[in-house]
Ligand SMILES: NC(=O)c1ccc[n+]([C@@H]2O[C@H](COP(=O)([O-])OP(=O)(O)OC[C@H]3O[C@@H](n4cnc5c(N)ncnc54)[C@H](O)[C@@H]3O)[C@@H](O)[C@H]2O)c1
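One chain comes next, on its own, written as structure tokens: the form predicted alone.
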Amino acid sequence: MKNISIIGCGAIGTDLALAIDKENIKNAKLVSVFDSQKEKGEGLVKRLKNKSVTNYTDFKNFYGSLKNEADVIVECASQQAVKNYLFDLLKLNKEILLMSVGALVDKKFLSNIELSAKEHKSTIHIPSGAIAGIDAIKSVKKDIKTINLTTTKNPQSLSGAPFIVNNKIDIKKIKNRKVLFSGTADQAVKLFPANINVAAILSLSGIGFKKTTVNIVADPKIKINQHEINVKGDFGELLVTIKNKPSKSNPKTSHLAILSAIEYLDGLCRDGIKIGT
């Protein structure tokens, strides 16, 4: 049995907590949750059958509990939360499941956390999230020449993104399919931090943030989140299309990203045969 602590009580954190509570994740016990917004943590804990789960709003108190209580720490809060807390978490010599992978776009930050993880014998796990084909991309990454990702979403799910705000785009006026952004993955992750974690996962699995190209398309006629991946290289060509239903509680998050986190956590807690990464 592994004790699980969750950082972030939004859509992913809530669904993970409920999956553990319903015993859909075997050999796992939720011991604590942390969210700086008090009402989020309280709302989540109220939905649980397990009434022994501790809700923290102060990171110092939460951190103090982790050394003796947690085996796996799951981050599903934000890129800023990763930057604020990850170095401290790595010192605990724990398994860390990281969802806000866009934070790793900073090359120096990525290098430093890799060094810190090795120093403290901690392991950072990153699920495949809202896309497929990651195992294949990792296996051929030395032969890859180009990777392109085209992500298409309903404009409403892009609201609040820095790109939308900075360019003063009124998403309500988008009536037809429109390419909003074309550039590199490092640019996309910074400009759409809550929408394009898939670009970060793709970059880390393949040829890096600056060599991975991204198109972000707004289409008011679709109700899904669609990701089209085109990988070319000496190995041949890989084409993957994923059409995800958004999370009911947060349209910015694909339901598949949540299911991916649940499956990965289940794998961390389960002995026996494991297929893929």
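It should be emphasised that the depicted structure is a prediction, and the values quoted were computed from it without experimental measurement. The first residue of the shown sequence is 1; numbering continues from there.
Omitted here: the form predicted in complex with the ligand. The next part is about that form.
Checking Asn215, Thr54, Asn230, Ser36 against the ligand in the predicted bound form, a heavy atom within 4.5 Å turns up for just one residue: Ser36. This chain lacks the partner; the member of Thr123, Ser159, Thr184, Gln79 within 4.5 angstroms of the ligand in the predicted bound form by a non-hydrogen atom is Gln79. The ligand in the predicted bound form is not approached by Gln226, whose heavy atoms all lie more than 4.5 angstroms from it. Shown alone here, Val101 lies within 4.5 Å of the ligand in the predicted bound form, counting heavy atoms only. When contacts are judged by a 4.5 Å heavy atom cut-off, Gly129 counts as touching the ligand in the predicted bound form. Contact check for Thr151: every heavy atom lies farther than 4.5 Å from the ligand in the predicted bound form. You can rule out all but one of 137-145, 174-182, 194-202, 114-122: in the predicted bound form, only 194-202 has residues with a heavy atom within 4.5 Å of the ligand. Note: the CA-CA distance for Asp106 and Ile196 contracts in the predicted bound form relative to this form, by 3 angstroms or more. Figure legend: C-alpha atoms of Ile196 and Lys108, shown here, are separated by at least 3 angstroms less in the predicted bound form.
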